[in-house]
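In structure tokens, the next block holds one chain alone, the form predicted alone.
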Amino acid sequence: MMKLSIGPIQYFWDRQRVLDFYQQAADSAAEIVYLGEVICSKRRLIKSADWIAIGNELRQSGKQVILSSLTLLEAASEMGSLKKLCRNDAFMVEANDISAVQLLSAADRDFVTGPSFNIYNGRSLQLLARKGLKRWVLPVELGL
């Protein structure tokens, strides 16, 4: 079964534009909405509590909400934020870094991966599925 989803915002938008975008997403045909910063931890106009609040509003509109993690962690503070994200009890997490997979699988939590998580073969996919992977996106450089 195919479902329409809205991925995490890739752009550095001001806070109000982000809030407006997700208000429109609540009224859209999309069934799944991904929330969170995936590009750069310095772009934190929207805080963790804000993402949870947006997620709760989207869930009330009938959307499945996924919280997205950073694609590349470079600092201890980013790891701390990732741990907090992976501990959330409200929403599934999109693991965009192997660190997120390790945290989620250690906690026996299901997860999804985004296009930046490089899974190139069936064996890797099977291994991650045993660790809790429920859905994945092909890496962008792979063709049909």
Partner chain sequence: MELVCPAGNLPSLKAAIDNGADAVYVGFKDDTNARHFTGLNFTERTFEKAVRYAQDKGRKVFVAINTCPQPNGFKRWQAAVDQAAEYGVNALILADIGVLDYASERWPDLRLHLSVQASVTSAEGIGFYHQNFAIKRVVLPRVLSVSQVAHVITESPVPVEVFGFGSLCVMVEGRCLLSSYATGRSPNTYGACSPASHVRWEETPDGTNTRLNGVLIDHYGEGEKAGYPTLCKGRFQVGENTYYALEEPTSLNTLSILPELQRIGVSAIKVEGRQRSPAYVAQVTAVMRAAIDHCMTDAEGYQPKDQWMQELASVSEGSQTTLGAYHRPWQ
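Numbering follows the first chain given and starts at 1. Owing to the predicted nature of the structure, the values given are computational and were not obtained by experimental measurement.
What comes next is about the form predicted together with its partner chain, which does not appear here.
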Quiz item: Do heavy atoms from each of 73, 99 and 120 fall within 4.5 Å of its partner chain in the model of the complex?
Solution: yes
Quiz item: Though only this chain appears here, would residue 23 touch its partner chain in the model of the complex if you measure heavy atom gaps against 4.5 Å?
Solution: no
Self-check item: Exercise: residue 15 in contact with its partner chain in the model of the complex, heavy atom 4.5 Å
Solution: no
Quiz prompt | Interface membership of residue 129, its partner chain in the model of the complex, 4.5 Å heavy atom rule | solution = no
Quiz item: At the 4.5 Å heavy atom threshold, is residue 116 in contact with its partner chain in the model of the complex?
Solution: yes
Exercise. Work out which of the listed stretches, 86 to 94, 49 to 57, 64 to 72, 27 to 35, brings a heavy atom within 4.5 angstroms of its partner chain in the model of the complex.
Key: 64 to 72
